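Taking the form predicted on its own, here's one chain by itself in structure tokens.
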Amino acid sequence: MSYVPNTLAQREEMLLAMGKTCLEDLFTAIPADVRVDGKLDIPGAQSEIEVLGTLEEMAGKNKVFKTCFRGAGAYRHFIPGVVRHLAGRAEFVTAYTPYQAEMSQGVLQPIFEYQTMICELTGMDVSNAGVYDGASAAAEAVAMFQERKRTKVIVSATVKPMVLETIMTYSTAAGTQPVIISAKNGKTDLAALALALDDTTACFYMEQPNYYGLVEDAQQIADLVHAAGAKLIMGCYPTALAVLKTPAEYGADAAVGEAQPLGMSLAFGGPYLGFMAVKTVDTRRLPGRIAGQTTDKAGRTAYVLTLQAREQHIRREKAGSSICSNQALCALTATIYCAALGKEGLREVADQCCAKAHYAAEQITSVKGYNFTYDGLFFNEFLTDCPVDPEPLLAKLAENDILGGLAIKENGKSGILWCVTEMNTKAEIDRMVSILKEAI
């Protein structure tokens, strides 16, 4: 079966115009040893009923836990029904990207609203329309601030491992190697940072809260970085921004992060949404695109693509980024979620996350051997020691339909990174703790 709408005669006419005799002639530039010789080994066609049965069988292999105490970058929050209902409307799901503003008002408006909400959350002046995910946002921000005389990138060792890997990948392609600042008691070592900063430093990337859940000494970090003439990039957990100081209040130059907690369910790999926001002075550095609000010649409200960094298409050697699209549907989802909850709702979610996490921490650390690995303020994640092998313990929790924390092994010690959100009840926490006691 052919899915190409052109007829055989039309295809032969196009080949003749190109001076070719068959379709295979179009692929002669591809080395023969990497081309498929013969037909692809594709299973035979199935009916719709058979396909549904196959997919249901595959989906049945997934394990969906009723109770979850794991975060580390992807978080389980309550998603109001209105979010899925509105984001699932056909006009949004089928729309791609707003190339023609005059034909894309319905897509541009929620993007503009999304940017506004990200600025309100972070305290920054300008947000772009979003990038692929939080790790990409961090790496793009690092690349954004590198200049001819300032190419040195410094990253805290307390950031999420996957984010660090993405920054390393971007930096390797750019011919630079980030300097990693060691951790001290679970937070960025300020003395080591002070030594690493110099007049070649472009930026420093940190996370607030960090990978271990601890609230970093962000103000001291900001003062050190700016004294060296460098830029401060702060990775953020958007839910925590409802109760913690904003990146702007700390003096950060860019705020980035993963917007998955804003209405997107947990999934194995996404799709997720990276947010990026900066101060006005750095607006033109932002990769991707920025939607803006204006009026048309009749005085009616209209939305436009105010800025889109498309130079990667026409001047690739001068491009600052390869980002040329945005996660419009995910940005819409985040916008609906924030609008549905409102400011007070977001604060209530954050308050519940923090209160329940501190109750869970109190109960877990009351069990022998489960001491805090690091002392300090935390939002809704915390790291504890684990007196037994974490893997059998987590398997025991899984048998009880509980996804436990993330096992972490550092410096020869085993620990568990726990996460609690508003979705966890007191009964679930108490039940989990009772299993920990049994394991001891």
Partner chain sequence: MSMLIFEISKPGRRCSTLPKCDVDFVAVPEEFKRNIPMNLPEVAEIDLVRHYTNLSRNAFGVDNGFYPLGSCTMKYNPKINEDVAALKGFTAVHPLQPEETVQGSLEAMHVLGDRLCKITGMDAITLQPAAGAHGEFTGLSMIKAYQLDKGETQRNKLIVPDSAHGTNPASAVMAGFTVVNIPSTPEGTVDIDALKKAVGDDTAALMLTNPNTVGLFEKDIVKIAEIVHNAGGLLYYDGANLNAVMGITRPGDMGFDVTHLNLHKTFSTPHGGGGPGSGPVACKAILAPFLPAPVVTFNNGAYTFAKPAKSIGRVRSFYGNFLVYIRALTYIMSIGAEGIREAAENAVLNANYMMEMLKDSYDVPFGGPCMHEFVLSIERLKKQTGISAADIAKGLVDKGIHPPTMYFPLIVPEALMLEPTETESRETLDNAIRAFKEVYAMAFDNPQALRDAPLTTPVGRPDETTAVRNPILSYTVNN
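Numbering follows the first chain given and starts at 1. Fair warning: this is a prediction, and the values are worked out from it, not measured in the lab. We call the rigid core the largest set of C-alpha positions that still match within 1.5 Å between the two forms.
The protein also exists as the form predicted together with its partner chain; that form is not presented, and the subsequent description refers to it.
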Exercise. Lys426 near its partner chain in the predicted bound form, any heavy atom under 4.5 Å?
Worked result: yes
Exercise. According to a 4.5 angstroms non-hydrogen atom cut-off, is Pro31 in contact with its partner chain in the predicted bound form?
Worked result: yes
For this session: Give a yes or no for Arg89: in the predicted bound form, does one of its heavy atoms lie within 4.5 Å of a heavy atom belonging to its partner chain?
Result: yes
Problem set entry | Non-hydrogen atom contact Asn400 with its partner chain in the predicted bound form at 4.5 angstroms | no
Exercise. Thinking of Ala101, Leu244 and Gly345 as one candidate spot, does its partner chain come within 4.5 Å of a heavy atom in every one of them in the predicted bound form?
Worked result: yes
Exercise. Of Leu332, Cys236, Val142, Val225, which one comes within 4.5 Å of its partner chain in the predicted bound form, counting heavy atoms only?
Worked result: Leu332
Exercise. Of Gly73, Pro209, Gly288, Pro261, which one comes within 4.5 Å of its partner chain in the predicted bound form, counting heavy atoms only?
Worked result: Gly73
Exercise. For the chain shown here without its partner, which stretch in 134 to 142, 177 to 185, 151 to 159, 198 to 206 has non-hydrogen atoms within 4.5 angstroms of its partner chain in the predicted bound form?
Worked result: 134 to 142
Problem set entry | Stretch 114 to 148 - residues with a heavy atom within 4.5 Å of its partner chain in the predicted bound form | Gln115, Thr116, Met117, Cys119, Glu120, Leu121, Gly123, Asp125, Val126, Tyr132, Asp133, Ala135, Ser136, Glu140
Exercise. Using the core for the fit, does the CA position of Arg431 change by 2 Å or more between the shown form and the other one?
Worked result: no
For this session: Please say whether, between the shown form and the other one, the C-alpha of Asp33 moves by 2 Å or more once the core is aligned.
Result: yes
Exercise. Does the distance between the two CA positions of Met58 reach 2 Å or more between the shown form and the other one, the core being superposed?
Worked result: no
